[in-house]
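Just the one chain here, laid out as structure tokens, in the form predicted alone.
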């Protein structure tokens, strides 16, 4: 049976650990030698495109990237026909889309593995890169604490699933006007992860080993930017909030960042920031995911 990676909970804990081990290999098997990977970008990207294309290259393959306007998902061709077409040429398919339902339809119709490069519900490769970074910085993750501060979005869901499955205590601080969606809470709980929810950041970061942020206004929400800045006032991660966490806390951000909105420039550009290590690990995460998917497809 063809396996896909659309969200972290598509993996068991042991599978997640195996994928991480594959991502950490310095000289991975060139399982894509002479083969291609079709990459569909309905949403523009910097890190995702470069990290995934380089991951394919490192595995010996050829990445073929197309922008959303070139394929026209559900305007020029259906998601299903795009999946069937790309399956004719490629060993795997990656999609970065707005609606999660589109990548679910691609996976249902494809005859090769499909990996979610981002959707409005999930960002699994980012979460794997985050785990790689946390392991490098903290060592073992069991019993450690990570606090996400800000908008409870797709990044939070994947982060909570990945870190919680590996034994971390997971907290989120978000304003009452932007609560964690019930469906997200249910999905995280179904995976066995206990998510602690706070409505102010100071209590949420106390004793945390890592603090995580994402932008308050994601792509597609630009018309809400002014209101969101008002709603999230008081949730900026600054040096005072780091001090409230403790002397050894590290800062993570999936990027792009809006300095002096969700995070101060002093924090993201400061000594506790590990955002560039995260960015580097995006490539390793993509490589590990492709290795895992293609090994699974061969079983």
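Positions refer to the first chain, counted from 1. Nothing here was measured: the structure is a model prediction, and the numbers come from that model.
Another form exists, predicted in complex with a small molecule; not displayed. Remarks below refer to it.
Site residues 118, 218 and 255 are all in contact with the small molecule in the predicted bound form, judged by any heavy atom within 4.5 Å. By the criterion of a heavy atom within 4.5 Å, residue 147 is excluded from the residues contacting the small molecule in the predicted bound form. A residue is said to contact a partner when one of its heavy atoms sits within 4.5 Å of a partner heavy atom; residue 123 meets this definition for the small molecule in the predicted bound form. For the chain shown alone, residue 153 is a contact residue for the small molecule in the predicted bound form, at least one non-hydrogen atom being within 4.5 angstroms. Residues of just one listed stretch (264 to 272, 227 to 235, 247 to 255, 64 to 72) have heavy atoms within 4.5 Å of the small molecule in the predicted bound form: 247 to 255.
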